[in-house]
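First, one chain by itself: the form predicted on its own, in structure tokens.
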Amino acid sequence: MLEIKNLSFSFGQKVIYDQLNMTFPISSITGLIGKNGVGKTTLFRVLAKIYRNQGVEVTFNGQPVTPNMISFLPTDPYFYPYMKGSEYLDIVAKDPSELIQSRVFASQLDLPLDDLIDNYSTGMRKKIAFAAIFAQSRPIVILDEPYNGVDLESNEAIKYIIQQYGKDRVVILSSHILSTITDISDRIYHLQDAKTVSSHPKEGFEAFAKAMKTQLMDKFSDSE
């Protein structure tokens, strides 16, 4: 289990999180939702050790989490210029078994590995990064907006890959589209503000989605 205890994080005087606690089971997919700016990407970057730890305790099966335990797909992956898709896989998926798996994923996602990534569309760039990152044999996988810019068919392929190959790992993902989270997740965390996070099990997704829709409609009605 991945466990976060007393997460507090700030940018200067701006408090992003204040004593937040969360758990993420193994062999489970956890979706993370919340309005823009609430701190989903910040949370991911704290877990991936991109942002300096400000005192939060993060453990996996009771041991401190280190960067080599985590595979992290950022919202906007970086690519070196004049690099082919196959070369990117060679760099990110270094282990021979990981490289083989990444090429399987790339094939399932219809990626032209001999083409320059400079010529890839936004969706193709996200897919090549996903293929490489998800092939890494690490116990924690964090996917920040994995469906962003991806076409409908590839969207379904990504869902299938996550469900089939995410077993025995902790998988956390975010999305601005609620259905892409509810379709695949075993549980959803709804980040509301610096101190408030609510947890919703799979059997409660329908009621949760209905409540969110009702709140939104009430908000629009009040503004009229």
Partner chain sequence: MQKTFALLKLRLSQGYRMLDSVGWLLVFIFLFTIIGVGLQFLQTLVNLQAYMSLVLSFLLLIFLDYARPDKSFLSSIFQSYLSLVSYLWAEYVLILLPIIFYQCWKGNYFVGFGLVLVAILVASLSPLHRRSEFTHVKQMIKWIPIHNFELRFFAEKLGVMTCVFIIIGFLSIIHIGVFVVWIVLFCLTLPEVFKWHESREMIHYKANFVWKKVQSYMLTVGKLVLLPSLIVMILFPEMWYFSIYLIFCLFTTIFLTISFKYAMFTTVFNSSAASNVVLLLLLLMFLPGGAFITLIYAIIQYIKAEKNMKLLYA
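Keep in mind the model is a prediction, meaning the values are calculated, not measured. Numbering follows the first chain given and starts at 1.
The discussion below concerns the form predicted together with its partner chain, not included here.
Participant: I'd like to know if Phe60 sits close to its partner chain in the model of the complex, meaning any non-hydrogen atom pair within 4.5 angstroms.
Facilitator: The answer is no: Phe60 has no heavy atom within 4.5 Å of its partner chain.
Participant: Test of understanding: in the model of the complex, would Tyr165 fall inside 4.5 Å of its partner chain by heavy atoms?
Facilitator: Output for Tyr165 is no: heavy atoms all beyond 4.5 Å of its partner chain.
Participant: Going by a heavy atom distance of 4.5 Å, is Lys49 a contact of its partner chain in the model of the complex?
Facilitator: Yes, contact at 4.5 Å.
Participant: So in the model of the complex, is its partner chain close enough to Glu87 to count as touching (4.5 Å, heavy atoms)?
Facilitator: It does: once its partner chain is placed as it appears in the model of the complex, Glu87 has a heavy atom within 4.5 Å of it.
Participant: Give me the residue from His190, Arg169, Lys159, Arg45 that has a heavy atom within 4.5 Å of its partner chain in the model of the complex.
Facilitator: Partner contact (heavy atom, 4.5 Å) among the options: Arg45.
Participant: Check each of Leu113, Met124, Ile140, Val92 and return the one that places a heavy atom within 4.5 angstroms of its partner chain in the model of the complex.
Facilitator: Residue within 4.5 Å of the partner: Val92.
Participant: For the stretch 57-88, which residues lie within 4.5 Å of its partner chain in the model of the complex by non-hydrogen atom distance?
Facilitator: Heavy-atom contacts within 4.5 Å come from Asn68, Tyr78, Tyr80, Pro81, Tyr82, Met83, Lys84, Glu87, Tyr88.
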